[in-house]
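The chain below stands alone and is given as structure tokens, in the form predicted on its own.
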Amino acid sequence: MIRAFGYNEFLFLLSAVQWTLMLSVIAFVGGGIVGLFVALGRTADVKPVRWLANGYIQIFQGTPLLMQLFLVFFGATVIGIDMSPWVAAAVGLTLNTSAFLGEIWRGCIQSVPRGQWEAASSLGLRYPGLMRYVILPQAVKVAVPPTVGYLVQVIKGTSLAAIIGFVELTRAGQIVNNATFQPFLVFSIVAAIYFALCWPLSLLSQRLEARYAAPSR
């Protein structure tokens, strides 16, 4: 039976926001951890490590996130692993996020002036010490704005988890629409909620970029 869109339907949409945010946090934190190793691999002195890290990035940046979620969810079933939509979405988004953050951070690491690398090397610092004490502290300042900006993409990317049955904001909108048959109203509200989540982060990213780009006095 078709019912009208009301207060309960709106609360259902709002309650799904928590799953969107939880999935975003897991993908961002997990992707950040893996992405750091990917970025370090891309800038390593050992060629096979660089090739491996570059191949990882090319695979996950060169294929649609939707296909990656499908492969994780249905691929796990093929090899005999019973994986829930929640776990599959978290794994798929973490892998995808790590590739993009790894490439973003690789650029930030390589933006550190070459003289800093050479000076640290002349002091006898090997790659781990070079990164820990000299390069990464400087690269972090450059990396903050694009990293915050990419979090917006992670939040929007969680909407694709609806296709494998994970009930986040987009999937909740589909459920409410199937009950009310008011797609314009329902998905306008869903879009407004996504905007409310992403817009402050976009502003923060712009302010951080302007702040860190300003010449120091």
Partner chain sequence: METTSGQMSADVVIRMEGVQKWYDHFQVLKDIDLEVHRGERIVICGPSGSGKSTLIRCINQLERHQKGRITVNGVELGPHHRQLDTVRREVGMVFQSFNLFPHLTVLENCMLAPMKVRGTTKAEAKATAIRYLERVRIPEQADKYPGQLSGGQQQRVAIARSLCMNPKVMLFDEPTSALDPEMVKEVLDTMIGLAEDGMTMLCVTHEMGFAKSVAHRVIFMDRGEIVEQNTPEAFFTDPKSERTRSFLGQILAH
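This is a predicted model, so every value here is computed, not measured. Numbering follows the first chain given and starts at 1.
Separately, the form predicted together with its partner chain exists; it is not shown, and the next lines address it.
Among heavy atoms of residue 123, some come within 4.5 Å of its partner chain in the predicted complex. Within 4.5 Å of some heavy atom of its partner chain in the predicted complex lies at least one heavy atom of residue 119.
Residue contact with its partner chain in the predicted complex: residue 80 places no heavy atom within 4.5 Å of it.
Contact check for residue 138: a heavy atom falls within 4.5 Å of its partner chain in the predicted complex. Stretch-level contact check against its partner chain in the predicted complex with heavy atoms at 4.5 Å: of 128-136, 71-79, 93-101, 143-151, the positive one is 128-136. For the stretch 8-25, the set of residues having any non-hydrogen atom within 4.5 angstroms of its partner chain in the predicted complex is empty.
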